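First comes one chain, alone, set out as structure tokens in the form predicted on its own.
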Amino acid sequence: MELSNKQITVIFKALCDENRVQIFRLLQNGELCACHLLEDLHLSQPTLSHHMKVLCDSGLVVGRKEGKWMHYSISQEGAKIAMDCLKEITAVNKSECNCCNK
């Protein structure tokens, strides 16, 4: 599956912030309620909401509402897509350069 440049930037933008990386690491232990993320990260609720929106929009994290709280977890499908994407964009194509032999 080949992703567009826009899709690739959305995925990597999600991981280009120290708070979002910390959130992702916290979610490695399983689903967490937003209230626990707020406690662990010492962020304001609007700031956490912004970070969670970026992570969810990237497909790396999924959220579900339970009562008044959101619960978040890592999307296994999104994580696989991100890993495949990194492999794809870092693959070296072994082709001869003929641009300087003219």
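Residue indices: 1-based, along the sequence shown. Computed from a prediction, not measured in an experiment: that's the story for all the values here.
A second form of this protein, the form predicted together with the DNA, is not displayed here; the remarks below concern that form.
- Item | Contact test in the predicted bound form: Gly30 vs the DNA, heavy atoms, 4.5 Å | No, Gly30 sits far enough from the DNA in the predicted bound form that none of its heavy atoms falls within 4.5 Å.
- Message: in the predicted bound form, is there a heavy atom of the DNA that lies within 4.5 Å of any heavy atom of Gln45, even though the partner is absent here?
- Response: Contact with the DNA, yes.
- Would Asn19 show up as a contact with the DNA in the predicted bound form if we use heavy atoms at 4.5 Å? Yes, Asn19 sits close enough to the DNA in the predicted bound form that at least one of its heavy atoms falls within 4.5 Å.
- Does the 4.5 Å heavy atom contact test between Ser49 and the DNA in the predicted bound form come out positive? Ser49 belongs to the contact set for the DNA.
- What residues in 54-85 sit within 4.5 Å of the DNA in the predicted bound form, counting heavy atoms only? Result: Lys65, Gly67, Lys68, Trp69, Met70, Tyr72.
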